[in-house]
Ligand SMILES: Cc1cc2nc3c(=O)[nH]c(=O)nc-3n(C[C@H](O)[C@H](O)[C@H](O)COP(=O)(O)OP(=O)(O)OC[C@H]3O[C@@H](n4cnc5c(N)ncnc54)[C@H](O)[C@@H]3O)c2cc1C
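Consider the single chain below, provided in structure tokens and representing the form predicted alone.
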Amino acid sequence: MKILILGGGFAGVEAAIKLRKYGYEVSLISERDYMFIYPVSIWIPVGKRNFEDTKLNLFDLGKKHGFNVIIEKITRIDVTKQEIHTDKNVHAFDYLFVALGMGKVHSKGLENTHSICGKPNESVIIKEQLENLVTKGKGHINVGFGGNPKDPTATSVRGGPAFELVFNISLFLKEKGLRDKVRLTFFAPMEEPGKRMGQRAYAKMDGMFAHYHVQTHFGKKIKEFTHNAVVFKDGTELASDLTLYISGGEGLDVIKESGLPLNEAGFIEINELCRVEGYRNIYAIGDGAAIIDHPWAAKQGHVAEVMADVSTYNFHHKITHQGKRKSYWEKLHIICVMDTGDGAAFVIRTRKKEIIIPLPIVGHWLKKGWGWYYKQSKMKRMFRIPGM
């Protein structure tokens, strides 16, 4: 029995670890030889985190947990022949776990922006651009995120890192004595960005923007990005020396061309067991899977790991002919430690409740501690707390 996992992010790595715990041989295919820990990459641009320290080597993880790692770029998924084509080989599979993440909704001039949720090396480019502005001693920085009206769960998924980045940049500028000389603006095409976190959390956002000297520009659809401005469809624009924009998500081209069932946004349609609709041997997990019947939810790293846990559990019980099953719907929730550089806010949202707990000073260190804990626990250097 040949089991393949596509993708070396939160979902793919967790699925490989869980399948090994169940005793299965498994190969993970990724185009990068490392897992990038996106939640703590917000500190790379402001010099509080090293790029290398934000990576986990996949070969080290594979050796520690016993799964095989293949570094190749996936070019085609052939579900009829049960084959994965890469830039180097063709790999057959009996069972497949698709954990490839998602693509970007394209906007005109998107190449004139940088994203903290894009390719890992963009975090370093943002750092360099930010340092250039510090050297100039003045300028305009615009930070924002967009959405995909075809799938609400792909809209605010990246709002959290955008908020964290703008607050951390504000603190960075203050430390450099430039907060009054660099205009910092947060923009979004929706009227109420961040409301997916819940009404209580959203109600505090205006106060946070004021506290960190961040101007706002909401509710205007984006026409294009130029090298020196964010241009809106109503004719207004924001002058910009540095535009940091997190695009809304959609399905990757390799997924769209796979023949797998997709929703309107190009995400793979799955049932509550994380199994792809119409297929008994294919599971989809993480950002590339469509979350149905929960329009308030968002695609996050911990949701990807929940899906990995659920899908491998259901796979194992199917193979061993046990009747037990899990539903990822039962564990679906938004959880966010929104870091501000000098503190944080702990936010939880489920279908029935909203919780927000301000954590001045200590919150920042708790999130930094989580980043250290995540790496150590993944490498089995310390006990892993369930659900973290």
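Sequential numbering from 1, following the sequence displayed. Bear in mind that the values here come from a model prediction, so they are computed numbers and not experimental data.
The next section is about a form of this same protein that is not shown, the form predicted in complex with the ligand.
With the ligand left out of view, choose which of Lys104, Lys299, His114, Arg275 has a non-hydrogen atom within 4.5 angstroms of it in the predicted bound form. The residue from Lys104, Lys299, His114, Arg275 that makes the contact is Lys299.
Only one of Leu244, Ala99, Val230, Val166 gets a heavy atom within 4.5 Å of the ligand in the predicted bound form. Which one? Of the listed residues, the single hit is Ala99.
Each of Leu61, Leu260 and Val310 having a non-hydrogen atom within 4.5 Å of the ligand in the predicted bound form: is that the case here? No, because Leu61, Leu260 and Val310 lack any heavy atom that approaches the ligand to within 4.5 Å in the predicted bound form.
Looking at 301-309, 204-212, 167-175, 130-138, which one sits within 4.5 Å of the ligand in the predicted bound form if you count heavy atoms only? This holds for exactly one stretch, 301-309.
Does Ala11 reach the ligand in the predicted bound form if we count a contact as any heavy atom within 4.5 Å? Yes, Ala11 sits close enough to the ligand in the predicted bound form that at least one of its heavy atoms falls within 4.5 Å.
Is Gly144 close enough to touch the ligand in the predicted bound form, meaning at least one heavy atom pair within 4.5 Å? Although the ligand is absent here, Gly144 would stay clear of it in the predicted bound form, with no heavy atoms inside 4.5 Å.
State yes or no: in the predicted bound form, is some non-hydrogen atom of Asp342 no more than 4.5 angstroms from a non-hydrogen atom of the ligand? The answer is no: Asp342 has no heavy atom within 4.5 Å of the ligand.
Partner contact for Glu72 in the predicted bound form: the ligand, 4.5 angstroms, heavy atom: Heavy-atom contact with the ligand at 4.5 Å: present for Glu72.
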